[in-house]
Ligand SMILES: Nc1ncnc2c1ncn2[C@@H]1O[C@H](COP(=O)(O)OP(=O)(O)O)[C@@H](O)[C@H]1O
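Presented as structure tokens, the chain that follows is alone, the form predicted on its own.
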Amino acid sequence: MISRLESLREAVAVSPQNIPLLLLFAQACLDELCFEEARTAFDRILQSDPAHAKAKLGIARVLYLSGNTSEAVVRTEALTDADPGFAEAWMLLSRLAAAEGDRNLATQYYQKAIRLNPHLSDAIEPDSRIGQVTSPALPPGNPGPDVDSETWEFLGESEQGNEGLPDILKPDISFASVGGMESIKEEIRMKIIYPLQNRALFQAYGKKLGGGVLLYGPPGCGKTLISKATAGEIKANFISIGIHQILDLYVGNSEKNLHRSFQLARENAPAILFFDEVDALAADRKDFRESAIRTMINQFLAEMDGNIGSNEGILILGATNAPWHLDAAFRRPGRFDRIIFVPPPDEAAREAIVEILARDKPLKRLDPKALAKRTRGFSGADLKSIFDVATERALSRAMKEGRVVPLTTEDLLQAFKDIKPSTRAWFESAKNYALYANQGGFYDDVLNFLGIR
């Protein structure tokens, strides 16, 4: 039987820019002591998101397990300096201090980590004793034969907080909280909201409430936000599923996790079951050899069909940046049979987004139109980056002058020069698929957006 690590390796090959999948794969590599592959996966995440704290912590773990304790300490201390509330980083510092034989410091770091996150619990049996580990390349909890006779109890790390059922949320946002996207909102109203508001009329035509909707488009354009706003608009429960809550290293557990998520939605209908990065869970089975991934994909299809339990009153929303990796079976009637393209915001939408981003900030002479006009092709996330850069610069001046320095349109336009639209690379890939692999007109909306017939 193919190993779980090999299955994840195949999944990463299919979706190489999928950050949650890369994180899962890197952790699996660490579990199997494949340090070079883990380091490569973490580095790939940082190429896409240079500020990704968990990837930085992952590199520090690789260094620790590889025996490079000093560099691991430097990198981990930088993380706790940047974010004193980063409990997992304090826990790793505790391990590093233990590896260097500093019992008092290790205990201090451990207690701080537990205060910040009580869910970080023992990965080692309570009667285990760890002293000065002479072989840091061994995984935590396996100190090896060379253990100091003056041993002491060291409590390890297990991120239990990520396990269990996902949270059921009642979003407090609505379409009014989403800048622009008026055509998307109207399409969602027609396909989702109006049928729910007119149940009797809908059922008179033999249509069941629920179904699946796939949102696709460039990253950072509001697919997750519009999904939450939809739940807020119809006052439904919102259950967001990340791939880390489904994929598991042990054969059969991924299918169980998927079933539990659907069952949670069934028990709390009406509900929106939202799958972010759904291409990682619904990948094209042709891209895999016989593996556990194929079994999990088949489970997903069965759950969507309602073969395992009734999906009445459940709306299944999937969001993806890579729809071309999705198995065609997911686009059949009764599954993701409604497809919505979420493009970058147009000028009017960018103006609305700028006004929303400007709320609760010290501003002076803000001209949303000027910024919206200059940022063609920018996603909502790109616009937020402009505000972040401008805010950091204003804060730097404020610290020097000892007063609040308001943001101006000039500050935002200056920051705009340092930000490139992240959507360009996506459209380069999407254009090729739309021109040469557009079965059934799936990518017609992309061609229309690009002005290509």
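Just count from 1 along the sequence shown to find any residue number. Bear in mind the structure is a predicted one, so any value in this text is a computation, not a measurement.
The following text describes the form predicted together with this ligand, which does not appear among the structures shown.
Pick from 80, 237, 224, 107: which residue has any heavy atom within 4.5 angstroms of this ligand in the predicted complex? Checking each option against this ligand in the predicted complex, the one that comes within 4.5 Å is 224.
Name the residue from 323, 212, 179, 232 that puts a heavy atom within 4.5 Å of this ligand in the predicted complex. So the residue touching this ligand in the predicted complex, by this definition, is 179.
According to a 4.5 angstroms non-hydrogen atom cut-off, is residue 204 in contact with this ligand in the predicted complex? No, residue 204 sits far enough from this ligand in the predicted complex that none of its heavy atoms falls within 4.5 Å.
Contact of residue 384 with this ligand in the predicted complex (heavy atom, 4.5 Å): Close contact exists here: in the predicted complex, residue 384 approaches this ligand to within 4.5 Å, heavy atoms only.
Verify the contact flag for residue 219: yes if a non-hydrogen atom of it lies within 4.5 Å of a non-hydrogen atom of this ligand in the predicted complex, no if not. Residue 219 belongs to the contact set for this ligand.
Can you tell me whether residue 273 touches this ligand? I mean in the predicted complex, with a 4.5 angstroms heavy atom cut-off. Answer no; every heavy atom of residue 273 is more than 4.5 Å from this ligand in the predicted complex.
Taking 4.5 angstroms as the heavy atom distance cut-off, pick the stretch from 299 to 307, 365 to 373, 85 to 93, 171 to 179 that is near this ligand in the predicted complex. In short, 171 to 179.
Heavy atom within 4.5 Å of this ligand in the predicted complex: which residues of 332 to 354 meet that condition, in order? Stretch hits: a single one, 353.
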